[in-house]
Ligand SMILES: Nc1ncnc2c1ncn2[C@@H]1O[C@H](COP(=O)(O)OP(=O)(O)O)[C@@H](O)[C@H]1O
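To begin, one chain is listed below as structure tokens, in the form predicted on its own.
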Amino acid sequence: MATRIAMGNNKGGVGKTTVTVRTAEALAALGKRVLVVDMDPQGNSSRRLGVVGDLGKRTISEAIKANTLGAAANSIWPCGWDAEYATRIAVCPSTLALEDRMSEAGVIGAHRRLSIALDGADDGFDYTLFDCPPSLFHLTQLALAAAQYAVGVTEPEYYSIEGALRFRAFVEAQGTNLSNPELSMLGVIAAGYDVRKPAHLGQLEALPETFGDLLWQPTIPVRTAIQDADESQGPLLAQRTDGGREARALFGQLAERLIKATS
């Protein structure tokens, strides 16, 4: 089984999908095999990894619905990037149909269906990263029930930090209720720091006190190269600017931090 990590925040728009995709890219560049499971019905991480077009019945929604061991194996797609290391990235994509799984929240044992679907399906990977939706409801709970670790992602803004704190509190309190008592909070990544916003500096200075040893370095700043890579649904490798090289280096450091924390 791969090392499974749920990336989350209780607030949207904090850069969670960007951090998930670029961390997967950095891990692959370091030689690791990575599966990204898109648990957000918006499907942004699927598109950013180049999985677009008619997905038929091969999405993570159908795998969860099947409720059979290893069903996710039929929902694994290759990354669509033109980069050597992209061969080490795969995706279990999502569509709006994933919202249908919310109706199963009251079914006994439904929170374990993603774990069941992944059983054996991610054995060929080093890491499985779950891109969670911006909530603590059923889709996020499916990811947390299947994961060994959780990583919070936040912008240096008040409401984003509050969302990360709620995510941390949920992870620390609900592992047993999710049939996953070994679930633990691995770290917190701060992203989207904008030097033009004085408020960001104050929030960044307070983050070590807020999250303590959970706060990972480095902080990811706002860079046009990151936004361009996201918009073009391609790798940072294609952004051959100083900002692109800086972003690759920063995410490379975060990937190394993740590898060290899970070794």
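Numbering starts at 1 and follows the sequence shown. Here the structure is a predicted model, which is why all the values come from computation and not from measurement.
Below: the form predicted together with the ligand, not depicted.
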Using a 4.5 Å heavy atom cut-off, which stretch among 216-224, 24-32, 65-73, 200-208 contacts the ligand in the predicted complex?
216-224
Within a 4.5 Å heavy atom cut-off, is residue 252 in contact with the ligand in the predicted complex?
no
Interface membership of residue 244, the ligand in the predicted complex, 4.5 Å heavy atom rule:
no
So, residue 192 and the ligand: in the predicted complex, are they within 4.5 Å at any heavy atom pair?
yes
4.5 Å heavy atom contact, residue 239 to the ligand in the predicted complex:
no
If we check the ligand in the predicted complex, which of the residues in 12-37 reach within 4.5 angstroms of it by a non-hydrogen atom?
12, 13, 14, 15, 16, 17, 18
